[in-house]
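Next up: a single chain in structure tokens, the form predicted on its own.
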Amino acid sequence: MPDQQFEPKIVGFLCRWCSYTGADLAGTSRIQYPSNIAPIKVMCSGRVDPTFVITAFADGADGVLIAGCHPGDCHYSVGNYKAMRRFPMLAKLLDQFGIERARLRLEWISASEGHLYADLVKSFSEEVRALGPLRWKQRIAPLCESVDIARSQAATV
């Protein structure tokens, strides 16, 4: 498939209390937005482990959205602050894998912001589309080769 025909696959980790409900509002309000996002309901944005994000990319996602309650409105008091603190570390991890930081977003969406959710999915889809397919296996192959070389060298010592 030529890259100009490319339609990105986006995984969205959405807070059950706010962002997922905002996405539901967008749907029930029949607000038009791209269907290329696969929403995953999590109890809190603070519970999104970095391995979830890496696994989403490894399993074929071209972009990952983490969305939670607005700061100060978390149902678990500080969950979104945990997500906020974890995000820069996650961005650095993506750098090590050679993945553009623009493929990952952290956003705050309340239950009443269906329009904001739809606009976010539209803009994020366009940004990821402009980046092109991730092609995880091609990007990660050099890292895997260097690990295999290190393992074989360690085994001979």
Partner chain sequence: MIAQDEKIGVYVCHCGTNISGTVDVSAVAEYARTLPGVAIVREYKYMCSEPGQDLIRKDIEELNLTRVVVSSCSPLMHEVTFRKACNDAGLNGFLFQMSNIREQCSWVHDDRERATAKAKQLLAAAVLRVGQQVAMEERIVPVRPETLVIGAGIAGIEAAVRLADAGRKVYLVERLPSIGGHMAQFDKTFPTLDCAACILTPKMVSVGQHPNIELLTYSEVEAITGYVGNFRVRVRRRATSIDPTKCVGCGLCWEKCAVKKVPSEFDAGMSMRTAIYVPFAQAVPNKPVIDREHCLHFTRGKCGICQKTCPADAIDFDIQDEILDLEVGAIIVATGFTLFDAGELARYGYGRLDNVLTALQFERLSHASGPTGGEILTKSGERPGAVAILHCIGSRDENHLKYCSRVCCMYSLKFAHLVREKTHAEVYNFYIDMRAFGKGYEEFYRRVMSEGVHFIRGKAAEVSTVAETPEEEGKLIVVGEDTLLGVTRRIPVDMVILASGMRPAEGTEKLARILSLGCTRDGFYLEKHVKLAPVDSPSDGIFLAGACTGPKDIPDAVAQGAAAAAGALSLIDKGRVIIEPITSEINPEVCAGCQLCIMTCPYTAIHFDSERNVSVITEELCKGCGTCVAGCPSGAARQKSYEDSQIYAEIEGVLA
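Residue numbers count along the first chain shown, from 1. In this text, all values refer to a predicted model and were calculated from it rather than measured experimentally.
The form predicted in complex with the partner chain is left out here; the points below concern that form.
- Although the partner is absent here, Val128 sits far enough away that none of its heavy atoms falls within 4.5 Å of the partner chain in the predicted complex.
- Although the partner is absent here, Val42 lies within 4.5 Å of the partner chain in the predicted complex, judged by heavy atoms.
- Mapping the unseen interface onto this chain, Ala67 falls outside it, with no heavy atom inside 4.5 Å of the partner chain in the predicted complex.
- If you take 97 to 132 and check each residue for a heavy atom within 4.5 Å of the partner chain in the predicted complex, you get Ser110, Ala111, Ser112, Glu113, His115, Tyr117, in sequence order.
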